[in-house]
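Next comes just one chain, in structure tokens: the form predicted alone.
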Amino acid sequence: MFEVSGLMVFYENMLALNNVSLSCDSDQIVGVFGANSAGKSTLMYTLSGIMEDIRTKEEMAGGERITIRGKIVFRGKDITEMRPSLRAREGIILCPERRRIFPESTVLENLKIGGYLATAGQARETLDYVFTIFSPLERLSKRLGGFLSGGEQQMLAIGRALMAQPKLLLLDEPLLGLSPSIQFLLAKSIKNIRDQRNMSIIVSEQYARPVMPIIDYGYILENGASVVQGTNHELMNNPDVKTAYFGT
């Protein structure tokens, strides 16, 4: 369904992604793990197409030169140079790092903004689903986003992404800054979303412990390169991965 081959991203002379290849099949959860500055967000921005916008804006402003190489194929179509708005219409939706909700809009308004690609019927059905899987959001529907807790804001960010009717959902560090109990709750919700909505999910995360058990396949990034890959069982039984991410 989704194939990335030989992906390389340069910021001027700095190599941010180094020959990264990955795939995500239909209804599969793929994890991308790594420490800070491993290249996770650069990867997610490149997959969603946002890096193309950043590159264009930097070029127009005479700023940092960004070069992208490699190939990205989605459902048999080469989307390597496709604009992010068109990728969204194809069903590739990014839920960005640090939530980035609209703090001065209510929960309901944030969700409706996310439904701009949906038909009226799809929006109603998905809104009901979001309030089911993230039940706190329903009673908070009239509260401003800026007054939600970190966990509630992350629920809202994922819910807003779901409103856009993704076929491939990209989750960039959804557990960042949250308590362990909320991390495990959200990890369980991500698996339920895949099972109930029949979509593919790529999740990048520094906190591997709650996410590793729900993935079908995973990649470990170091310094922009994929150094280890395998099923969740293979990764959890890898001594180096266990030491780095589980402290054992």
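If you're wondering where the values come from, they're calculated on a predicted model, not measured in any experiment. Position 1 is the first residue in the sequence shown; the rest follow in order.
The form predicted together with a small molecule is left out here; the points below concern that form.
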| item | value |
| --- | --- |
| 4.5 Å heavy atom contact, residue 138 and the small molecule in the predicted bound form | no |
| Partner contact for residue 64 in the predicted bound form: the small molecule, 4.5 angstroms, heavy atom | yes |
| 4.5 angstroms heavy atom contact with the small molecule in the predicted bound form for residue 173 | yes |
| Touches the small molecule in the predicted bound form: residue 194 (any heavy atom, 4.5 Å) | no |
| Of 26, 36, 56, 181, the one that lies within 4.5 Å of the small molecule in the predicted bound form (heavy atoms) | 36 |
| Per-stretch contact check against the small molecule in the predicted bound form, the hit in 28-36, 181-189, 194-202, 209-217 (non-hydrogen atom, 4.5 angstroms) | 28-36 |
